[in-house]
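Just the one chain here, laid out as structure tokens, in the form predicted on its own.
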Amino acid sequence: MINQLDNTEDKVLHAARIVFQKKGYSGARMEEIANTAGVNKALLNYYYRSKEKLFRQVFEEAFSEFIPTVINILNGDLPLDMKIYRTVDVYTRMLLKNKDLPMFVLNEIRENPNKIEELLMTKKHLTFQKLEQQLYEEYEKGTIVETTVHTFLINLLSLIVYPYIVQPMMSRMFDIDDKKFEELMLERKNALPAMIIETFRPKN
């Protein structure tokens, strides 16, 4: 909870995450962030003199949580199937704690591509070269079908993230509350890795 945070700056950042992730950059207002943090607007402006500056920090933190996490796993030394299990596990736990994060990142990528390009330019070290080499080696051994790193990542990440994007629709269609949704996602976490692995296995 915000009132349990140690200092004003932490409260402001926590409130900004809530407001920006719910309303995006365009819909967020500094006054609403101040009210959510329980501080006056003058104090908010003391720490962050513009909405742009505050948003940039919030988005960079969200982006850094959402993307580099999987890069570290997939560029590690684990076998490919273990990387898939690990990625599903880490992202499921992370997303259940922050269900608005995927839509927030995707909306801002779509609406503010120039901001995202600037951010990516500061993270050129984020590559998938090691994963690409591993996919080629597994194909040469006959354990997976030939695939590109782009196809692999699209299939992997979309299968993990998509339920959180459509949760509002699912909740209305199937009368699923937050508790039930979490139970479904934890069940899915156990089944999904095998499903993903199977899509890349050679068919006899």
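Just so we're clear, the structure is a prediction, and the values are computed from it rather than from any experiment. A residue's number is simply how far along the shown sequence it sits, counting from 1.
Below, we refer to the form predicted in complex with the DNA, which is not included among the displayed structures.
Of the stretches 174-182, 141-149, 161-169, 23-31, only 23-31 has residues with a heavy atom within 4.5 Å of the DNA in the predicted complex.
Shown alone here, I154 lies farther than 4.5 Å from the DNA in the predicted complex, counting heavy atoms only. None of the heavy atoms of R56 is located within 4.5 Å of the DNA in the predicted complex. Contact check for S64: every heavy atom lies farther than 4.5 Å from the DNA in the predicted complex.
The DNA in the predicted complex is not approached by Y136, whose heavy atoms all lie more than 4.5 angstroms from it. Residues of 41-64 lying near the DNA in the predicted complex, listed in sequence order, are K41, A42, L43, N45, Y46, Y47, R49, S50, K51, the criterion being any heavy atom within 4.5 Å.
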